[in-house]
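Single chain ahead, by itself, as structure tokens, in the form predicted on its own.
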């Protein structure tokens, strides 16, 4: 049998239990204060016991009889202590080393200014202290958000690129086959042709995420599919002419302008609604932030349909004949209509008259397009002119070009590229980047199709241009056309069904009313001083008195006989006398200033030409 060894034969003696409990094992990151026993291991880390439980309980029992005010003051003291503890100090790691770069990394001022939305050069208007404090809090929050956005810009690794010719080579001579051979396999799969001559010509539309494509032919063919994976969603024949097609707020709903009425389908091709109040529709536009479907008809009516409640918001009689040219401004949701007299009119559902009218061409308008920033508008007319206008209040043409034949269709990309369809040829002009004016001198790319162009649209977040023509659908590769970095919370091409449902609920809660559509959306946050004064003047005339005028002085009631009638009258007279003295003093000061100005001029002197500047 094994026996317990005696103390003294090479075995250390047993220690007292209390002494063993008091001694704590040394952690590997702590400095060694006492020499460690040879061969002894530190052992597993133990949790520290809380020794302040009894003290806290006694403190609570002592302070139970205190008043509510003392409790509040102690709470504030505890909060102050916690705040002091949270102050950033020299951060140390487990090894004991100090961080050489404490705190967040500094952000350059120019980068943060790019994401700033509030102009701090303007002074805050005169307002109440409560309102001013709210404005200051909003400014501080906006400053913090702009700094966070500037920091997250480092994560945007994708950069836009363009075609560059070698040794002065013209990029317009580069064919689509050459681009497909030069790019990778995934990008080459984005170029394809659908031969659908039997049901053409076609109109097409991409969803907001850029993942799904819907197209409709003149002979009734309607289809929608995931063009990246080539998975067909639905395919039907409506047995009548299809004039235009649009996705609604998501790829699950589809609006089709047929020969007689407007029809709504789901992604399985099942007809959900037939809206007979929208008849003879020629063009469709969907406003995603307002959930409005704008329709232009042969009868000259512009109709706004709220798809969230199924109600027609406005039906405007344009009085300009057949409406066949329509585009929307993504910046302010204003609808641009082209007319046969060479003008373009801007419309809002809350106004019965056009917001503006622009004379663009000597002949009728064939196509209109507006870039995503709302800065430029491109128009083409029967006079074979292609013009780019400035929409920032001037509405003046910035550049113009004469084409061999009029461009029947125009489209802007996310990076400011302009595509024009002229017969069976598509020309693309490029600028210097986003929100820059496209140069119309030399085309960036040129491509010839199998038939006349009937519809154009750039795919969001993909360097792809979809073209609908009489021979089917063509997907062109256009390097540098789209925004490479997308906002996953706004338009996520890879979202699941559950994410799409959650986004739809959020978008409905944040829906913008149709009454807020105007030319300058930033003017909604400003105060219209002129109309405010006019309303105040009309109110005074209607009531016969000014309700916002200063109320007469009413003395407060006092005790111990000091609120008698005589004392009240004396106090009223005293206040009135003081106000009268202030008015007299102010008038005397103004008179003295006028006398000093008159004395400064010598009497009898000849008038000088510089006297006209005396009042400045």
Partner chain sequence: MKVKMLSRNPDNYVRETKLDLQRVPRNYDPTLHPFEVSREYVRALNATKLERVFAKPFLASLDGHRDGVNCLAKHPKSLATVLSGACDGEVRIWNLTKRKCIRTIQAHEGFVRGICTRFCGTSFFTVGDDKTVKQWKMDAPGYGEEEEPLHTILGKTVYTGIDHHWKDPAFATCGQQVDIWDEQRTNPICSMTWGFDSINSVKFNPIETFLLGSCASDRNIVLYDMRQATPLKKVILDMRTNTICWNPMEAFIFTAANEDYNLYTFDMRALDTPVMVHMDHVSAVLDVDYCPTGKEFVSASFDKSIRIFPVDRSRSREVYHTKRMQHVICVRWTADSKYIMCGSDEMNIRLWKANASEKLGVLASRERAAQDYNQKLKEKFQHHPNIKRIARHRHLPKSIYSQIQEQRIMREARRRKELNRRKHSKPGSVPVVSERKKHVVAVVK
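Predicted model only: the values in this text are computed from it and were never measured. Positions refer to the first chain, counted from 1. So that the term is clear: the rigid core is the largest set of C-alpha atoms that superpose within 1.5 Å between two forms.
This protein has a second form, the form predicted together with the partner chain, left out of what is shown; the following refers to that one.
- 330 is the sole member of 330, 354, 364, 443 with a non-hydrogen atom lying within 4.5 angstroms of the partner chain in the predicted complex.
- None of 282, 250, 470, 482 but one reaches within 4.5 angstroms of the partner chain in the predicted complex through a heavy atom, and that residue is 482.
- When the partner chain is considered in the predicted complex, residue 178 lines it closely, a heavy atom lying within 4.5 Å.
- Not displayed here, the partner chain is kept clear of residue 197 by more than 4.5 Å at the level of heavy atoms in the predicted complex.
- Residue 489 belongs to the set of residues with a heavy atom inside 4.5 Å of the partner chain in the predicted complex.
- For the chain shown alone, residue 499 is a contact residue for the partner chain in the predicted complex, at least one non-hydrogen atom being within 4.5 angstroms.
- The candidate stretches are 447-455, 312-320, 503-511, 416-424, and the one lying within 4.5 Å of the partner chain in the predicted complex by heavy atoms is 503-511.
- Using a 4.5 Å cut-off to the partner chain in the predicted complex, not one of 244, 277 and 432 places a heavy atom inside that distance.
- Contacts between stretch 512-529 and the partner chain, counted in the predicted complex as any heavy atom lying within 4.5 Å, involve 512, 513, 516, 521, 522, 524, 525, listed in sequence order.
- The two forms, fitted on the rigid core, differ between this form and the one not shown by less than 2 Å at the CA of residue 309.
- Residue 270 shows a C-alpha shift below 2 Å between this form and the one not shown [criterion: core-superposed Cα displacement of 2 Å].
- Once the rigid core is used as the reference frame, the Cα position of residue 542 differs between this form and the one not shown by 2 Å or more.
- In contrast to the form presented, in the predicted complex the C-alpha positions of residue 331 and residue 110 draw closer by 3 Å or more.
- Note on residue 110 and residue 373: their C-alpha atoms are nearer in the predicted complex, a change of at least 3 Å from this conformation.
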